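Shown next as structure tokens: one chain only, the form predicted alone.
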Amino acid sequence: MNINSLGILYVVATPIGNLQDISFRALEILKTVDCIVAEDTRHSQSLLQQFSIKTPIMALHEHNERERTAKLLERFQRGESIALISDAGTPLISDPGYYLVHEARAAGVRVVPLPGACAAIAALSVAGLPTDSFIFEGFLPAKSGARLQRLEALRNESRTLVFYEAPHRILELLEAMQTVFGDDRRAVIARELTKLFETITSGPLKDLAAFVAKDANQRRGENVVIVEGVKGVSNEEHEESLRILAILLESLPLKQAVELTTKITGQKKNIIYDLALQMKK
């Protein structure tokens, strides 16, 4: 089939809280497509009702995404256009939709992004931490052991770290970060962005953990947690240390490899030692 006869998949960003953040273009597309697919139709109905959008809507989530995608691909083949939205923000950013987008592109369907709100980017823009280079980690594992393991892997990362966290786990996350990153690593909690009770709080991890533990209101609502990367080590220096350490560990005991890498690179011994332990694992 000629690609021009296929429908279009629009990936539409929606507000993360304040409905006025919807774009004119997004409203036009949502009103004119043949169907809207949403993570939770009940949640999205309030947005559609607010703007008198009567387009048919169906659910697309992790439990039915493969089954629904097959049917949606048939609709694209018939020339229908469909809009993908999530509960809030930009679809696929810690939200369902990857499989649909992947399969649509593989089938030759044109996939069009409609940019808009994204909690991670909104939080970064006001955090006051370096934004020239960052890593988006999304939600960490819910189980404490797996969460600590992932944080350990990020201990010496020099780029700014961006996480999402649910309200009932925010204190556990901050305490785990204290354990791994230390009390004094600077961080920012952006809670309920664009909503009525929005709060943006910054400080050392120990102060943030104490603040959240003391105020129960800070354990309500969705959170973006941004953590400053390790200072004094550029990404290039970090990669060079990894390369040298990997070579030395092939033929030397861990302790000796760490000492030689420290002498060669000039990096702190504890940083090189942590890297060596991660490599051995």
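Start at 1 and count along the sequence shown; that's the residue number. Computed from a predicted structure; not experimentally measured.
Although it is not shown, the form predicted in complex with S-adenosylmethionine is what the next lines describe.
- Judged by heavy atoms within 4.5 Å of S-adenosylmethionine in the predicted complex, the contact stretch among the candidates 67-75, 153-161, 87-95, 180-188 is 87-95.
- Taking the partner from elsewhere, every residue among Ala117, Ala120 and Leu193 has a non-hydrogen atom within 4.5 angstroms of S-adenosylmethionine in the predicted complex.
- Although the partner is absent here, Glu165 lies within 4.5 Å of S-adenosylmethionine in the predicted complex, judged by heavy atoms.
- Within this chain, Ile16 lines the site of S-adenosylmethionine in the predicted complex, having a heavy atom no more than 4.5 Å away.
- S-adenosylmethionine in the predicted complex is not approached by Leu30, whose heavy atoms all lie more than 4.5 angstroms from it.
- Using a 4.5 angstroms threshold between heavy atoms, Val37 stays clear of S-adenosylmethionine in the predicted complex.
- In terms of contact with S-adenosylmethionine in the predicted complex, the residue from Phe139, Tyr99, Phe211, Phe197 that brings a heavy atom within 4.5 Å is Phe139.
- Here is the short version: of Val227, Val224, Leu245, Ala26, the single residue with a heavy atom within 4.5 Å of S-adenosylmethionine in the predicted complex is Val224.
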